[in-house]
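Next up: a single chain in structure tokens, the form predicted on its own.
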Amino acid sequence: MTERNPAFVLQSIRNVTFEDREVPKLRDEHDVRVHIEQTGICGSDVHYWQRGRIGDFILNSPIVLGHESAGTVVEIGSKVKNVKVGDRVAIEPGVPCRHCDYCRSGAYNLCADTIFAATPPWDGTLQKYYIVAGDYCYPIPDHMTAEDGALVEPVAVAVQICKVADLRAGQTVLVFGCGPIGALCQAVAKGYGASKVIGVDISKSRAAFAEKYGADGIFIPEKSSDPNLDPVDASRATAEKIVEQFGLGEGVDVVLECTGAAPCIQAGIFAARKGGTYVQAGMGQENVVFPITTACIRALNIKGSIRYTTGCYPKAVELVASGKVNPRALITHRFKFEQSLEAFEVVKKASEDTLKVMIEGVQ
């Protein structure tokens, strides 16, 4: 009997099905085939499912969903040297062109020709077998589980955010958002030796998790009771409270904004010290009111962060393997492959008690 390749396929907006596809073949001698064992659901997967696009990436044909995955190598191309059949690996889901100026400088997250799993028109990893370039697979040690391996992906995102911030030991760090990426940024910052890491979230349950997980302190903003208070002034007041409450002097050294919410963006600028660094990683409303005068007067270093660059994945594996970052602690729900739609529904609801949702691979 011919082996099949079950896949969870986004056919069109809000329309997903299970398909028995053919087992994929290696595209060239540098590729490997991985038997997927665990996949985490990312907000971008849900976004494509519900809206069919993120920015310029538009769903025009069916794609397999999923990109946070780990598994076991079952076939390798003739020129693959870094992994062998039987190796357990974390999969970096974006393979760039390798030839453009961005790739050659190491900033391959900016490559326009990246084949990124579950980003139209490319298939993702929620299938039994996935084909990927061998050098974008990273062996994981025996004590790391497949769940750990899959969650190397969001850890690598956090590593990139901290890399963009040029975060260093002894610095104070303020992280807006205590969801998966925010919490992981807090843990990575502590792993890098930050002297004080503060997490901010409107969710009491997420803030409480962050305090146990990686933050030295948490702040839960309160809604102003003054209906006439200007929203930007309210954000300034929030920043002032944070700085005072946690003894941050003239302001925090590094702000990592992981929500995309306008009040957090504004408060982040107001909370930063003169000459400090502000990194925007969260994506929400496309256009917001931004305190540009404060940013200029304080000579802030303002940067954006997306995906990961050279060295982020190996560093993420190292952080997880060493125990400095424990991504498995973020898992709140686990599902079988056949329950993939149910898993996506859980993420879509965005309950406060939902952090990472995992889907077990096809056996």
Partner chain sequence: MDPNSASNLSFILDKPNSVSFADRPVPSIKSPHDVLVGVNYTGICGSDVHYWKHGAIGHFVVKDPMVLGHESAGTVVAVGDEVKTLKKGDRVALEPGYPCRRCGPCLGGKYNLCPDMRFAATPPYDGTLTGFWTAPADFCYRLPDNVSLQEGALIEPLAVAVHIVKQAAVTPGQSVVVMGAGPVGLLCAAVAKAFGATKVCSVDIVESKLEFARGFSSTHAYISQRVSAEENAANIKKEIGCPDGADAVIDASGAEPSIQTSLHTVRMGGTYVQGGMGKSDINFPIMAMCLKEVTAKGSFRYGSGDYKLAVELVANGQVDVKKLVSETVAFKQAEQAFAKVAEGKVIKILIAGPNEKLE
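Numbering follows the first chain given and starts at 1. Computed from a predicted model, the values in this text were never measured in an experiment.
We do not show the form predicted in complex with its partner chain, though everything after this point is about it.
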Each of Glu37, Lys84 and Gln363 near its partner chain in the predicted complex, meaning some heavy atom within 4.5 Å?
no
Considering Phe219, Tyr213, Tyr136, Phe116, which brings a non-hydrogen atom within 4.5 Å of its partner chain in the predicted complex?
Tyr136
The single option of Asn326, Ser44, Thr310, Thr332 touching its partner chain in the predicted complex, heavy atom within 4.5 Å:
Thr310
Hey, of 269-277, 196-204, 94-102, 140-148, which bit sits against its partner chain in the predicted complex at 4.5 Å between non-hydrogen atoms?
94-102
Is Tyr108 close enough to touch its partner chain in the predicted complex, meaning at least one heavy atom pair within 4.5 Å?
yes
How about His30: is it within 4.5 Å of its partner chain in the predicted complex, going by heavy atoms?
yes
